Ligand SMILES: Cc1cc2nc3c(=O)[nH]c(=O)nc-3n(C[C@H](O)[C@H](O)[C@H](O)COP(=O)(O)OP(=O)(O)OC[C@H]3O[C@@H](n4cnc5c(N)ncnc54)[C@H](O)[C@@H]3O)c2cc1C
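To begin, one chain is listed below as structure tokens, in the form predicted on its own.
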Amino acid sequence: MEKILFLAHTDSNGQLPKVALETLNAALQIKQGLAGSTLTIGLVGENVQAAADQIASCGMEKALGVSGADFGMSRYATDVKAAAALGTASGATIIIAPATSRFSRALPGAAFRLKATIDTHVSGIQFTEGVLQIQRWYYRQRMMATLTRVARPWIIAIDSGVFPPWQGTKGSAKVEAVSVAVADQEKRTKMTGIEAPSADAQTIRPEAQILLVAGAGWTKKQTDGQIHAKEAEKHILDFLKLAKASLGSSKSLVDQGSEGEAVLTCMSHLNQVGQTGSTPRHPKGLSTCCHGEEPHVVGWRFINERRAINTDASCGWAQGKADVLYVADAFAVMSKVNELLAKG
């Protein structure tokens, strides 16, 4: 019989973030797929009661919590101890956790302390003859592996956007406190504040419904023989603001600055989507002035609806890589789209 531990940390509001609710859904599927297994909830945070109440109706056997001022912030030393303590207290054989930046740092250390094996960036689960198998991508999401492990404990870190968030009613959960002693030297790292750009300046929005990807065509000579980089940047930023979209880029565009070509100041390598960039999971995506080459398109494979704008009717997007291809000038199209969005 497997003992499953759903391990999560609270956010700044004392609630569970969306990725944790997605992971809870995965944990419940694993519990259902492994006959006779049990589910324990393990929470880390300054105060975990509100988070426990948030998922009280999920069908857990019990809830454990490591709480206090020392565990409210992301810190490797205390997060490792908290995760290891919850793993020990629960007696878990399988630990399911969200692959947040906080846990991605701490869980490998916790695995070492628990003498556990760990798999990170898990993108799927399945069962074959009652055996739990996980899926994860390799080589920039070009090869997918399906594997299982017999070693226990087994820690599985689930990537965001893989499962739909758990949705259930709030309740009242009884949380059993797990005591963790923290030495002074383990509290040397302190969070003094958060620096973030204004909402309008933020271009990377993982929760956005739309991903706009800009290609190198925005900074090339247009029909009048001139480059209109400033105008292109205005079209792009206006769309991000009006549609609350996230911004991506092809490799050629983010690399142009080092080649002495015109660049968009709102773009950096952090926006890069593709084989050497990120693999976002937005519901919809719109590619503009990109040709749809395979290294770039590979980053789009988890976008549910893909559309593209390109003046070349035979570009890569037309070869079955986009659901809809608009053969048109992106400057004209985005100008009209922004005009319509502005009208509401």
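All residue numbers refer to positions in the sequence shown, first residue = 1. The shown structure was predicted, so the numbers you read here are calculated from the model rather than taken from an experiment. Rigid core (definition): largest C-alpha set, two forms, superposition within 1.5 Å.
There is another form of the same protein, the form predicted together with this ligand; it is not shown, and what comes next is about it.
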| remark: Picking from 246, 90, 272, 78, the single residue whose non-hydrogen atoms come within 4.5 angstroms of this ligand in the predicted bound form is 272
| Selected contact from 58, 26, 289, 52, since only one has a non-hydrogen atom within 4.5 angstroms of this ligand in the predicted bound form | 289
| remark: For this ligand in the predicted bound form, the stretch among 26-34, 65-73, 40-48, 276-284 with residues bearing a heavy atom within 4.5 Å is 276-284
| field | Partner proximity in the predicted bound form: residue 141 to this ligand, non-hydrogen atom cutoff 4.5 Å | value | no
| request: Would you please decide whether residue 21 lies within 4.5 angstroms of this ligand in the predicted bound form, comparing each non-hydrogen atom pair? | output: no
| Heavy atom of residue 305 within 4.5 Å of this ligand in the predicted bound form | no
| task | Please run the contact check for residue 329 against this ligand in the predicted bound form: heavy atoms, 4.5 angstroms, yes or no? | result | yes
| message | If I superpose the two forms on their rigid core, does the C-alpha of residue 226 end up displaced by 2 Å or more between the shown form and the other one? | response | yes
| message | Once both forms sit on the same rigid core, is the C-alpha displacement of residue 11 at or above 2 Å between the shown form and the other one? | response | no
| message | So that I can tell if residue 316 moves, could you say whether its C-alpha shifts by at least 2 Å between the shown form and the other one after the core superposition? | response | yes
